[in-house]
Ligand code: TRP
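The data below hold one chain only, encoded as structure tokens and taken in the form predicted alone.
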């Protein structure tokens, strides 16, 4: 069996926050907040983080640290002798499969951030031509260029594999200890610069003034509160298995939730300050409620702001860093499973698993316009088109909610309360919210996730 690594106290927090903070915070959350008119949507999201996200976070960290194992063997170990027995290993299997498939297409999107960082550097040095090609056409052409899609996806996978194969301490912890403070510093610089943009006051009002929220918006807020924390895929179980017994899991879990939420709100302030700096008449036609605004609208807007030539490449560097800290954790889920279950050396596991993920990502990269056959493939009917869309729909709407639901049920109903409590109190002292946490895991979280799954069955998509 390969030697198991471990995180330092700060290293774990930064690695776990890095796992949670990704394109979901800096790209998807501002988009869905904008689409749902801010205000009450943000409030519901914050409440859902506390009632659903935090309890499942505690459960995953406790399962990982108790067993010192990755997701599949962790569930097998703790489920032995209880209801369902060894069948609970399948829960970990769902997480490993989810992380593997998710990384294959997530690396494609992450590659876009590298491309746009390079683009913005060039525009900043040579000058941005406001009369030049329309950004939507530029993005469309880029997506249809198969060689570019595959190249940037492979670049990101190489960075990810290179980090993971160095190990927990020398690879994952060292990289996240460097990237996370830099990422946060860039966010602070950009938020401060937003103070001077014309749209800043309106951005703050939009985010924090209560508004009407639709049932659809309520469901979206609850769904994203769960997805944003890297739950349901074994990432926090795996990272929890590298945590020392001296560290408080409740304090660490709450800090991860807090920092993840703060980063998401900061991203909203940055993006909305830019969006609301545009005159309302122009905004209606320029900013559609589309997830692609990060690549089709924002670059041009940066160059109309003071210091835009500095802020534009800085922003896409920030997004690249956030993506990398997430891809590292996604790969580690599968790599840790191979190491724990088959005794492979870390380098071999990282390279073989990384090559498998990269290979699966190639058809996803080519299904955005480069290959007609791959782009039109629709085995799920109208729900998703193309390999990329099918992967995204399946992971976001089925793998992650099912994984989260089963984790909540396992922690609330199967895991012995004395084991769960002792793990939460190890390094923390008496945990007075244990009964509330268990109540939320037994009833509130499952009901909320079942609501998400019911909406998916009814045709709703969270991809």
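Numbering follows the first chain given and starts at 1. Small disclaimer: the values here were computed from a predicted structure and weren't measured.
One more form of this protein should be noted, the form predicted in complex with the ligand, which is absent from this view; the next part is about it.
In the predicted bound form, no residue of the candidate spot (79, 407 and 410) has a heavy atom lying within 4.5 Å of the ligand. A heavy atom within 4.5 Å of the ligand in the predicted bound form is found for one listed residue only; from 444, 23, 452, 13, this is 23. Proximity to the ligand in the predicted bound form, defined as a heavy atom within 4.5 Å, holds among 231, 161, 180, 294 only for 231. Segments offered: 180 to 188, 70 to 78, 324 to 332, 138 to 146. Contacting the ligand in the predicted bound form at heavy atom distances within 4.5 Å is 324 to 332. In the predicted bound form, the ligand sits beyond 4.5 Å of every heavy atom of residue 49.
The closest non-hydrogen atom of residue 235 lies within 4.5 Å of the ligand in the predicted bound form. Among heavy atoms of residue 303, none comes within 4.5 Å of the ligand in the predicted bound form.
Within this chain, residue 227 lines the site of the ligand in the predicted bound form, having a heavy atom no more than 4.5 Å away.
Residue 400 is the only member of 370 to 401 with a non-hydrogen atom no more than 4.5 angstroms from the ligand in the predicted bound form.
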